[in-house]
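Considered here are two forms of the same protein chain, supplied as structure tokens in two stand-alone entries, structure 1 and structure 2.
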Structure 1
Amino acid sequence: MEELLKVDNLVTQFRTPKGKLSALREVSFSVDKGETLCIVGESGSGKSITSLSIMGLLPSNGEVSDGSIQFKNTELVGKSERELERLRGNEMSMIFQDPMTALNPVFTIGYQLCEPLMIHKKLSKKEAIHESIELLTKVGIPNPSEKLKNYPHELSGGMRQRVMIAMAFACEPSLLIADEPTTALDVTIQAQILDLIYDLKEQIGMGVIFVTHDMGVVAEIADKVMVMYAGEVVEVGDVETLFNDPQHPYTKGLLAAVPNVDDKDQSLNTIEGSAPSLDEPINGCPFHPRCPFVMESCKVEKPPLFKVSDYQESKCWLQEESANDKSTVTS
């Protein structure tokens, strides 16, 4: 498959009164054309910061301090804001988690939908309005021509989220980054949106990065899954392999915490403890204070990302022996 996005050893830091704090630590992954990568992990694991780093939308105190982000073989790190603006909304689009802050409260829905169509697709105002109505219809908004006249505060949270999704689809981007886009929607609309993303991906070969907490959604739409913890990638693999044979203890904990609707007597599994804060020093594996399989080596030395198979990698010392066995067989 054709590689669309390649992120290599990405380090993102924030300037604070306590000094520079690392939110992402040597994050590497790729997305092919027509592929859906789901990024999962607890709140604070670095999922959204990864998305914002790619889009060049970090807060003013944030910066990509090391690493590479290549989109269609073009390096994005170091590009000017003007250069990034030409890509955003056109070649790359993002659906934000909170539509309350993503939509401008002083402009109508119609203005905000038409603007990218007129700028990037060079449509006339009349053509942009017609296409905006079609987009709102696709995402399940009733009376779309009337909704164009509304301001964001006049719509419900679910409606605003659907407007955000319509805006992201407007220019048929090559890469769509969706940061928990269906959180505010009921299950019926969620299914429609997931189908819409899938259809557009199939039609134009769009690559998708889908950030979510919902493992059910991951199982439904992902081609590949990346598990993040404390700003690091701890496991990555194709969706079938990762669900059927998770290697990292954190991944196992996440999957075990998913309720089984068929077992009414099952108690809800949890991962004990909490993730480290950004200003907390990390020695060894960042997950070791919470890991049920912790070893002495885990406390002092950070594991590399071991290649478990052609389809799976895991950053855990438990995989060292199996990785060495495979290399011995290969040699």
Structure 2
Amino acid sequence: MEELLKVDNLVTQFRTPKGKLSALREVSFSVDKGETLCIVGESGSGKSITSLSIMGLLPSNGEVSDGSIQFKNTELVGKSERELERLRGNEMSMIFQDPMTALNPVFTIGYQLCEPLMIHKKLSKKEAIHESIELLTKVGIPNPSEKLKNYPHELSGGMRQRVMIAMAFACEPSLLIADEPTTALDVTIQAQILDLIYDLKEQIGMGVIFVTHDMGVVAEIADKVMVMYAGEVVEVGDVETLFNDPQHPYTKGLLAAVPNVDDKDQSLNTIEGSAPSLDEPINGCPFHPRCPFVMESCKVEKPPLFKVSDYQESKCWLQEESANDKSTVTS
């Protein structure tokens, strides 16, 4: 498979009153053409910041301070705002969590939808309107030519998210980043929006980074899953392997916390404790205070990302143990 995006040792920091804090610490992963990568992890683990770093849309006090982001074999870190503007909305697009605030309240849907078409595809106003109507039809909005004249507040949350999706797909990007695009919506709408993104993705054949809390969604759409904890990648793997044979104790905890409808008597397992905040000093593995398998080495030294198989990597000292076991067995 052809590589679309390659993120290498990405470090993103924020200037805060408490000094410079790292929200992402040496995050590495890749997305192939047409592949769907799901990023999971609890709140504050750095999922959104990973997405925004790629798009070059970090809040004003944040910056990528180390590492590289290669998109279609060109480096994005250090690119000027001008150059990024040419990519954004064109080669890569993003859908945000909250459709209620993501659209500009003082412009019509039509204006906002025509914008990327006129900027990137250099369409005339008339052509852009024509194209917008088609896009709205594609995302399942009834009466598209009427809707173009509406303002965002005249549409429901689900409809607004469809508009956001139409905007993101307008220039048929090769990478779509969707940051919890269904979290703010009703359950019934969630499924529709998910299907819509999936269908469009299949049509265009683009790579997708999908951020979510919902393991059910992951199982449904992911090719590959990346688990984040406290600004780091703790496990990556393809979706079957990761669900059937999670290696990292944190991943195991996340999967155990998913309710199972077949098992009514199941007691829901939650992971005790909470993730460290950005300004807390971390010794050893960031997960060790909450880890049921904690060992002495975990408190002292941070584990590297161990290769479990061709399809799976895990950042946990247990991996080293089992690797040693294997080597002792074979020798």
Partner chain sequence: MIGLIIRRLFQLLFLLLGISFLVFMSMHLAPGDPAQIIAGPTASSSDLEAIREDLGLNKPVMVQYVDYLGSILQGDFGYSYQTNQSVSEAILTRFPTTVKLATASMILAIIIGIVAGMISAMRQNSWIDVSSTTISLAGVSIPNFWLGTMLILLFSVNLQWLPVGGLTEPWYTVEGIKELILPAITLGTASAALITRMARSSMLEVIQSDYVRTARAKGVKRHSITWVHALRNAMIPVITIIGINFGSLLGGTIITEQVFAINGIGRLMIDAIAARDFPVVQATVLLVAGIFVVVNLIVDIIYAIIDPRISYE
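In this text, the rigid core denotes the largest set of C-alpha atoms whose superposition between the two forms falls within 1.5 Å. Residue indices: 1-based, along structure 1. This is a predicted model, so every value here is computed, not measured.
**Q** Given structures 1 and 2, which represents the form predicted together with its partner chain?
**A** Comparing the pair, one sees that structure 2 is the form predicted together with its partner chain and the remaining one is not.
**Q** So with the core overlaid, does the Cα of Ile197 end up 2 Å or more away between the two structures?
**A** Yes.
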